[in-house]
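One chain comes next, on its own, written out as structure tokens in the form predicted on its own.
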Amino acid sequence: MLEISGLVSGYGRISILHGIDLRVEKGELVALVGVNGAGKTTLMKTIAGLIRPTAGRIAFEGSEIAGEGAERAVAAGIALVPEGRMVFPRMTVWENLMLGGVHPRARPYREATLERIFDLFPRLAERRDQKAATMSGGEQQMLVIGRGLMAQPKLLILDEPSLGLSPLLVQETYGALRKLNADGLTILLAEQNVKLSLAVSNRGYVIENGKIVLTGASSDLARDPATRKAYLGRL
């Protein structure tokens, strides 16, 4: 579904990614793990069309989308849930969600998708008329995931969804991601929480200093001595 090869990207003259090769097959949940500053967010934004790469290819369902912009990525079926729970604070839960479904390919399914989201996150249904600014961090995270789902994505990209959440809310969020993937949604997940992301994913990539240094089945990466030493500590 997603094929990335030789990707070089960054900000202005500063390159952050140095020849990234990565693939995501339809129906997979793939983890991209690494420490803060490793290049995860830059890669997510480049795939989503928010950053124009300087070299390399990004093919989605066989079509080249590198450098085509965010509108092209959304039209192709890619939705990014960014780091930092970027809600529209003065808008209600319902209004935030509706904004996620404004693209013509998503509009016909808004009501059905909304019901699916409320089933997945019942607290959003309870707070549909509440202003986003008044919600807890965990509720805001549910909201931005829901807003991403409103776009009817074929590929959902999540950047650090567990950041700043309590352990209970992390488990709830990841439970929702497992269910979405089990229902057939393809997911690319960028996380610093290596243990958890490898536990829920099919395959994983380890990124360091803008380069992929390890890849393989998530279960194998979790047992790999280098991964354990660098990210998991003594288990």
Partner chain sequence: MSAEVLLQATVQGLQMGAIYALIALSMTLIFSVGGLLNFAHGDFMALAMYGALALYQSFALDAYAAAPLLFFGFFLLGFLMFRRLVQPVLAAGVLAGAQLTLGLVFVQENFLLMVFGGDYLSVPTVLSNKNLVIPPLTMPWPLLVGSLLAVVLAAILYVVLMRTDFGRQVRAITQNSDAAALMGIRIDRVQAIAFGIGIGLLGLTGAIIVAQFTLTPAMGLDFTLIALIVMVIGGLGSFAGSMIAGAIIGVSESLGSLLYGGTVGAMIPYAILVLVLLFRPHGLMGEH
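From a predicted model like this one, the values you see are computed outputs, not experimental measurements. Numbering follows the first chain given and starts at 1.
Beyond what is shown, the protein has a form predicted in complex with its partner chain; the following relates to that form.
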Can any non-hydrogen atom of L80 be found within 4.5 angstroms of its partner chain in the model of the complex? yes
Exercise: P108 in contact with its partner chain in the model of the complex, heavy atom 4.5 Å: no
Heavy atoms within 4.5 Å of its partner chain in the model of the complex: does E126 have any? no
May I ask you to state whether G100 is within 4.5 Å of its partner chain in the model of the complex, using heavy atom distances? yes
I need the one stretch from 134-142, 85-93, 160-168, 115-123 whose residues put non-hydrogen atoms within 4.5 angstroms of its partner chain in the model of the complex. 85-93
Does its partner chain come within 4.5 Å of a heavy atom in each of L198, V200 and D220 in the model of the complex? no
Considering non-hydrogen atoms and a 4.5 Å limit, which listed residue (I58, A48, L29, L32) is close to its partner chain in the model of the complex? A48
Using a 4.5 Å heavy atom cutoff, which residues in 188-220 contact its partner chain in the model of the complex? It's fine if the answer is none. none
